[in-house]
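Only one chain is included here, represented as structure tokens and corresponding to the form predicted alone.
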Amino acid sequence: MMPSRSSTVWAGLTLEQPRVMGILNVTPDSFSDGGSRTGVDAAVAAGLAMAEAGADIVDVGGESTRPGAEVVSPETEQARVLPVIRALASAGLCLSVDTRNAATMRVALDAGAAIINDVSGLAYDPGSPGVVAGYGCPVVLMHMRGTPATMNVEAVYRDVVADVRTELMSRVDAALAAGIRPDRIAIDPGLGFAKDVPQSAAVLRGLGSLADLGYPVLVGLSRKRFIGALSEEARPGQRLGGSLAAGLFAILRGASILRVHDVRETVQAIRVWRALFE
């Protein structure tokens, strides 16, 4: 029997089945695919291909948040993402924008993005909670400590699963206090962000404690360093098998949305997984 799943609707999507968010980085320095889609035409084609392959959401990002990444100005970020968002929105895709900057959130939503995906959980820019509340849009609150430049030194926990749960709930409480509706909120444990390999694996094993909070759980584990460590594969682009295995494990632990590079393969894996439970 298939594990019971939530009938919640988030961002217009029913979560009775696992959903897939495709990663569309229009950056020169993202850890796995940086530089491969920096041109508008290439990025738009990639986004359309993700939708054709079964992505429910395409997540457009213009700033790398890999460990040690340099800060990108909102102006540079916007120049990268806005033409892509406009083109994909006009084609009818459901888009999220991966940004920490309130100014970018605002113009991206105006350009056709529907969802804000913030690795800082709306903590980086003081203006960001007001933007999300004002637009009434769905938001993904991710757990991270520090910034991409400093987060590795912040990976000290008493109990990583309990601490991530507590700190995520503090971001949820701040969002609610800012006027963001609870049915607009999803949470992300931030695997690999201020978490070393054992800590990321522990959070993934303990994902049920986050799912029990009552908010949809999005998990981004595709090609990440802890997948490489567990699979003994140093090359990010060769971590498909490990990413699929960990993604299905996350679904079993209560994840509602997987954020992935390899959309077609993930959609196929989920379809087979679901069929085998029927």
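In this text, residue numbers run from 1 along the sequence as written. Note that the structure is predicted; figures quoted are calculated from it, not measured.
Not on display, but discussed next: the form predicted together with a small molecule.
Partner proximity in the predicted bound form, defined as non-hydrogen atoms within 4.5 angstroms of the small molecule, places exactly one of 46 to 54, 247 to 255, 215 to 223, 230 to 238 at the interface: 215 to 223.
In the predicted bound form, residue 142 approaches the small molecule with a heavy atom inside 4.5 Å. Using a 4.5 angstroms threshold between heavy atoms, residue 115 stays clear of the small molecule in the predicted bound form. Although the partner is absent here, residue 243 sits far enough away that none of its heavy atoms falls within 4.5 Å of the small molecule in the predicted bound form.
For the chain shown alone, residue 259 is a contact residue for the small molecule in the predicted bound form, at least one non-hydrogen atom being within 4.5 angstroms.
Using a 4.5 Å heavy atom cutoff, none of 101, 124 and 171 lies near the small molecule in the predicted bound form.
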